[in-house]
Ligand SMILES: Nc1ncnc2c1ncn2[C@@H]1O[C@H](COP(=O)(O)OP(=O)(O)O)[C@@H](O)[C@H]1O
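Starting off, we have a lone chain in the form predicted alone, written out as structure tokens.
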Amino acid sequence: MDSVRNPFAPGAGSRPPELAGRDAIIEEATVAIQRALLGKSVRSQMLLGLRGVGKTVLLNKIEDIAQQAGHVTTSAEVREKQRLSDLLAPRLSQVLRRLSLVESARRQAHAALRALRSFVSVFKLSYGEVNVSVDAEAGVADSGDLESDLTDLFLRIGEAAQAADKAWTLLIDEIQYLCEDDFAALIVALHKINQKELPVVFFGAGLPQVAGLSGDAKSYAERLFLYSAVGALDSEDAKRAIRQPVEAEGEVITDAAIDEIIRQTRGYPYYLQEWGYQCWERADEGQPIEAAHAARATIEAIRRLDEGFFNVRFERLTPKEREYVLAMARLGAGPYRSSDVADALGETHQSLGPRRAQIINKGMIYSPGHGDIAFTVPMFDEFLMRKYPPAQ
């Protein structure tokens, strides 16, 4: 069919598979956004799931909802080993400059900018990235303690948003890359904002271990956040995610083709989109997409995933880390016992601890239960077996 019309192409405009079956999460976010504008207490939300389930797409959708509701928004993605102060400072400057344009909030926004200047100075952040042309305010956000200073800063921003009759939505993706101290500081600041009932709402997204990390950082985090699991789509939602874009273009896809796509993708949204894209490319215009098209699509979809989605992540691992994940994959489908991986490598569970921790820190594996490990990328074990097939 016409590649230009392919509804599964990135940015094609149809509802992406990542949003199918996510109505409850979107509704919860919408209510929190509306409550913040009304000055009512809100519960921040964490979207947790494996790679390829659509957490980032959901965050983008939530940001759109917040902007349409009149919120000032800040979105960011944490890079591995990035400090929270470096991540937030330039973005907070942008928020405050927008709030300073509102006459009723000018004084509060100016005070918040002075607090930001103190924050930038005490944490020695780059002025090339953060241009704050006001004098610092002594005694505010200048202690050098991130928990205290970030709280001061968030309170000032919340007060400026309140004075502007607006709300501020902060969205942070890949939050598992925050170090424990930074995570704790963020939780403390959000907790204080919540206590003051200022119009601020936070949405984070990350891998499944984030729930445990937040609890480790601050014990009251479980009361502060609503943890929303974002997983593979069930059969009915997966069928709609494939059928709706095709039929919206006036074309037809058979039940057999959809069943084959779901069998191959197991309902993971990123894979559904890739298989849908490849099926569309292989069908003739005006003719139904059939199971044969899905079978041919599988060959190309797997090739593209192996060369891109999977391999990009594999290449980030050191040789010893690759040895570890390959040992996992050779045990079959996960989750895996850490002790079994150690036995496979001929080493002790304790000696492999640092290596395992490094792979977790890189976001490649996580611990779904005590003593267990699993891949954060669905079907990664199958990729490894294709790349390094067992010796015959």
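No experiment lies behind these values; they were computed from the predicted model shown. Each residue number is its position in the shown sequence, starting from 1.
Just so you know, the form predicted in complex with the named molecule exists too; it's not on screen, but the next bit is about it.
- With the named molecule left out of view, the stretch that reaches within 4.5 Å of it through heavy atoms in the predicted complex is, among 265-273, 299-307, 109-117, 96-104, 265-273.
- Every member of the trio 19, 52 and 56 reaches the named molecule in the predicted complex with some non-hydrogen atom inside 4.5 Å.
- Residue-level contacts in the predicted complex: of 157, 294, 201, 241, one residue has a heavy atom within 4.5 Å of the named molecule, and it is 241.
- The contact with the named molecule in the predicted complex, taken as any heavy atom within 4.5 Å, belongs to 233 out of 210, 88, 283, 233.
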